[in-house]
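Just the one chain here, laid out as structure tokens, in the form predicted on its own.
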């Protein structure tokens, strides 16, 4: 796989100009030169074979030679709604969810949340998605939704919805998620009894990943990987 670079602009056969951080990375960091082959993607599901035509410190001109329909998406549509852990662990969470093929991520605001996500947080996580997609080869970007309260999340009605919650380790039933699944993951202190009661009242299945207490990012990634295999 050739080195991958992201651009939000529409792509087609012919010349395209990159600027900003991607052009800087291509020209100054990686030191690509005219004639070198690269791959472009913009999240439309395709990847575009291209050749470097010209570079300088602020921009790069490339010639797109082919548009390839290469899907690396999971067979099942997985949404993860999760409270955010502190610091770099939030970046790690989103990076790994991108790698395992999650379709949509929702930052959750719960009673015990230690991080209150803001609009700038969403923008930062969207950039993490792009970098992870460049590395893992995804041609569709995992979307990052706006911060959502537990009450608003429970009002959603989109496919199978499961709440992952630490318990005594009762086995998780295996079922097909061919029509998609949404997994909810709580904060460091877990969901409160009131939040769990509200989830049950809203018709959610409350499931455990086992007897051990997992960190937020671990539970989210393990749950997403498990669900993706049941399509």
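Keep in mind that what you see is a predicted model, and the values were worked out from it rather than measured. Residue numbers count along the first chain shown, from 1.
Separately, the form predicted in complex with a small molecule exists; it is not shown, and the next lines address it.
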Candidate stretches 62-70, 201-209, 24-32, 47-55, one within 4.5 Å of the small molecule in the model of the complex by heavy atom: 201-209
4.5 angstroms heavy atom contact with the small molecule in the model of the complex for residue 12: no
Partner proximity in the model of the complex: residue 181 to the small molecule, non-hydrogen atom cutoff 4.5 Å: no
Contact test in the model of the complex: residue 219 vs the small molecule, heavy atoms, 4.5 Å: yes
4.5 Å heavy atom contact, residue 166 to the small molecule in the model of the complex: yes
Complete contact of 185, 188 and 214 with the small molecule in the model of the complex (any heavy atom, 4.5 Å): yes
